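Heads up, what comes next is one protein chain in two forms, each shown on its own as structure tokens, labelled structure 1 and structure 2.
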Structure 1
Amino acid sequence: MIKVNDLEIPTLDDISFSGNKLLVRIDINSPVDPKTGKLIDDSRIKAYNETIKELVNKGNSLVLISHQGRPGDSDFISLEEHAELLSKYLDMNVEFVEDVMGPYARERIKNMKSGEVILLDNVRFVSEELIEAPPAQHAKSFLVKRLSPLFDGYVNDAFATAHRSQASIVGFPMVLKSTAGRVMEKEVSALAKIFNADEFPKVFVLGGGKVLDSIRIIENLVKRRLADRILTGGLIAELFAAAKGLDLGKENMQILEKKGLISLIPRARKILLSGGPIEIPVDFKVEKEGKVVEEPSNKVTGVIKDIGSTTMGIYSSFIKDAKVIVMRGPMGVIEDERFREGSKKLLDSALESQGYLIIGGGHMISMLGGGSEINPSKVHVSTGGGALLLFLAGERLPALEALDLSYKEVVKKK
């Protein structure tokens, strides 16, 4: 069992599935090249070898289910390439089924033989999946009603989606015997341990494009006084710069407007006025008339694409003095080689520092590729992005709550 606060979360050691048909929720949501639609990093896909092999070796047949991207975004794609990569890394056939809960998927699941593994298509192709709702409500969803009768149990190994109260995360544990998978178990155990240690200063480096997630996390961190410094990059930095009244120029404000982020400025301003330890870039790397130049953050005329070199130096010095560093979300548009320097420089500073580094988020983990020496006693590479930070900010994760509830309601009562 994993004990987190007042939750008791069963693992594969507490409920040993063998010879069963299992639905296994994984998170193989990965960065996608917007030009080619191809995956540009497969770290999350590699992470599931242990869980899948352990379950197959016990004679279980597995149906893997995951999301990829969000409707309307360029990374919202089918999971065919994911199945090919899973087959490659597992060295076994993972059959891609181009359906989620329709008759084709259900028929194929019914006819599965022991040891077979299939991957269903992007679960977010099912509209119900995107509804944030309590477990009891999702237990009555078509997704759960149509699929759960086909299974003996459910394994949630999607730590990176544990902060989403969505059907494939919280619905199945209400109707099936359920446990955490090995990825979920490792993440929760490691992170709970690290955050029990009274190591200061704790420096959070938050970037990327998921601003609504990040502002909620920052509000938690500031309220609980968990962070000594919060270094901002990516679109989060732009939001706080705008909240501080810096002139980001028309184009960047239009980008914030288009992404529906202007309405978050008052929340960001409230955090700044409350004395939150927020650091905002003093300069940005911008694209202007096809050129890449650096501009001070109080007078921007180009389109912001990365933090500037002065900011890289300032942030690096904060990182080098930190005892715990948490990084999620890149400082710039890292899909473009010209705008990777900010993220790379801060990542290198973190790896060289004496601090313990927790790094999360698909895009940031892709920066670790290419020979970065990872010392597991100094670095926890989390598969989670938003989930990692919400957990570290002390928020309860719906996936863990559902597994706890399932153990009490579905398992113990039997």
Structure 2
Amino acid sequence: MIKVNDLEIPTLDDISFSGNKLLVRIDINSPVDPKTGKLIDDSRIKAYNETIKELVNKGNSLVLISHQGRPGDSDFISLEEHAELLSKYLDMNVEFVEDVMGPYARERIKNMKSGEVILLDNVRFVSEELIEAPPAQHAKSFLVKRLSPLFDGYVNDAFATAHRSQASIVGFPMVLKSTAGRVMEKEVSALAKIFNADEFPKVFVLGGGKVLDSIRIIENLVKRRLADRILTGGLIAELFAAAKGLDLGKENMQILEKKGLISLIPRARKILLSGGPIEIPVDFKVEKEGKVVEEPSNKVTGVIKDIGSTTMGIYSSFIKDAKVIVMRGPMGVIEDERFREGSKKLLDSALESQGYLIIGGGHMISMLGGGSEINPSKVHVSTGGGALLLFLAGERLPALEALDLSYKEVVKKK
């Protein structure tokens, strides 16, 4: 069992499935080329090899269910190509069923043999899947009522959709013996470290351009006293520097104003006044008249593009002493080679430390290339997206709550 706050999430080690027919919720929602309608990134599809192979090797027959895009969007397509790629990476046949819950899908599921794997079509072709509702309501949906009698159990391996309260995510656990898959388990186990009081000091490195998201995360971390240090970079660092009254220069203040961030300064100031453990860069790497120079953070004249070398040293020392390090967003404009140093230096410090590193997706994943040694036992690269953000911001995740409730209401009562 994985304990996260007041939730207990069962894994495949707690509920053993052997020789059963299982519904497995995965998330293979992938970027699509709007011109060709073909997938342009299949990394999420590769992620499910471990869960699927483990369950097949135990004699289970599996029905995979996932979504792709939203109605009206260019990436709202069938899962036929996804099935082909699953077959390729699993080195086994994954049959595509061009149906979700109609007579053809139900008949095919009824006639499945041990070890067979099928992928149903895009679950969002069913309008009920687009409704956000409580688990008890979704348990009465047509999707759940028509499919659940055909299965012995349900496995949720789609952490990236854990923030959704939709039928395929929270409805089935109310009526079937349910557990987290291996992808979900790894994500939740890694993130549980953030809420474990025994794992300290905890250092959060927050950068990038998603300032409102970062503010929400920081407010939750400070309120719950989860962070020993919060190291800021990118636009979030500029926001806190402005809130502290530092002279960032006219151009940088105009950038904050243009991005609609000036209104967030009072929120940042409130966090600072509450004694939040926020670290602001003492110097920045700036672009000035086409040249790269370093300037102190209390008198900036160029356009801020990265943290300065003194800040890199200070931040690295905090990181090297940490037991848990969470990195989300780069320190500078990493698309420009001249301003990658801050992010790379901090990432290397985290990889060299004795702490457990959680990389929160996005640009920081791209920084892992270029010779950085990665030890999977001490580094977790999250694919959680919106679920990770809400988890860090203190929001409840319906998928986890449904698995917890299922274990208490469905499994224990049986």
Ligand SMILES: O=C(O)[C@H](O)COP(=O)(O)O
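All values reported here derive from a predicted model rather than from experimental measurement. If you superpose the two forms and keep the largest set of C-alpha atoms that fall within 1.5 Å, you have the rigid core. One-based numbering along structure 1's sequence throughout.
Between the two copies of this chain, it is structure 1 that is the form predicted together with the ligand.
Relative to the superposed rigid core, Gly102 undergoes a CA displacement smaller than 2 Å between the two structures. Here Thr36 does not count as shifted, since its C-alpha moves by less than 2 Å between the two structures after the core is aligned.
With the core held fixed, Leu273 shows a CA shift of 2 Å or greater between the two structures.
On a core-based overlay, Arg216 has a Cα shift of 7.7 Å between the two structures.
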